[in-house]
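In structure tokens, one chain follows: the form predicted on its own.
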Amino acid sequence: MAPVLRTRGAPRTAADLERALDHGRLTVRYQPVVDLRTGAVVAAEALARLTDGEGLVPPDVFIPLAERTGLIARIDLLVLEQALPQAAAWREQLPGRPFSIGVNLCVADLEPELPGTVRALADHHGVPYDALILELTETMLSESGRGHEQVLAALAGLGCNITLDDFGTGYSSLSHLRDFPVAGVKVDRQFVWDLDAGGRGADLARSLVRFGLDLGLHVVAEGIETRAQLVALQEAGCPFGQGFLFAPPLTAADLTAYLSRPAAVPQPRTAS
């Protein structure tokens, strides 16, 4: 059953949001990332959600408020603190299989103490650094100021996977791949949806996948909703994907159950 989304109890001010965080109303949902070749779940993206006691507040309601008020960094840290022990438990559930956890970062996170915080939390929960995916949007990297490059380099030096989210939507993708220690890209959902329509949009989606692969990057397609999109991505050689075709963002308990399912994805058609 889909979660109930509510706005009546949504925070309106920084004080409202801070009070909600103080009262433990932040929760995390996890969307699986699937190997499109085998159907195995290889990672999960941790997504911040806020409850009002009766349902979930839509993220597009409270995340912009958090960004405007400077509380987004606190939210990101809370997500990291919840996600890492879950990732450790799932890695134990999947012995011998790779499993990574993805968390989103904002500009405010990129302070000199961040690598130390990440290292301490990962060590405490027994999560290898290379099992941690740190996702940054193209817009965020464009806003990065002096010193942020060093923070990202330190995180990459630990072994964390720096991933460029919403790949292809901005004007600076190529310079970001040159200037930052990017290990992976997530092809934005709008290009994945173009695969259903065909034409230039579909060609661009396939080109973005091939471009990332040619650079030796981990490539994930976001927003996969139809089997036609999945088959087109498989035929383009896209190795990983996430979207409602596989699962929506899940509670930790629901993802634990999801991980016990046999891996299976439709295979691309072969030419006769």
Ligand code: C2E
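Please read these numbers as outputs of a predicted model, since none were measured by experiment. We number the residues from 1 along the sequence you see.
Absent from the display: the form predicted in complex with this ligand. The rest refers to it.
- Taken together, the three residues L105, E222 and F244 all lie with some non-hydrogen atom within 4.5 angstroms of this ligand in the predicted complex.
- Contact annotation for W193: at least one heavy atom lies within 4.5 Å of this ligand in the predicted complex.
- Remark: L217 does not count among the residues lining this ligand in the predicted complex, judged by a heavy atom distance of 4.5 Å or less.
- In the predicted complex, at least one heavy atom of R49 sits within 4.5 Å of a heavy atom of this ligand.
- The closest non-hydrogen atom of R91 lies beyond 4.5 Å of this ligand in the predicted complex.
- Here the chain stands by itself, but in the predicted complex one stretch of 56-64, 231-239, 204-212, 34-42, 56-64, has heavy atoms within 4.5 Å of this ligand.
- Proximity to this ligand in the predicted complex, defined as a heavy atom within 4.5 Å, holds among H148, R189, H125, R74 only for R189.
- Among the residues A154, I162, L114, V79, the one placing a heavy atom within 4.5 Å of this ligand in the predicted complex is V79.
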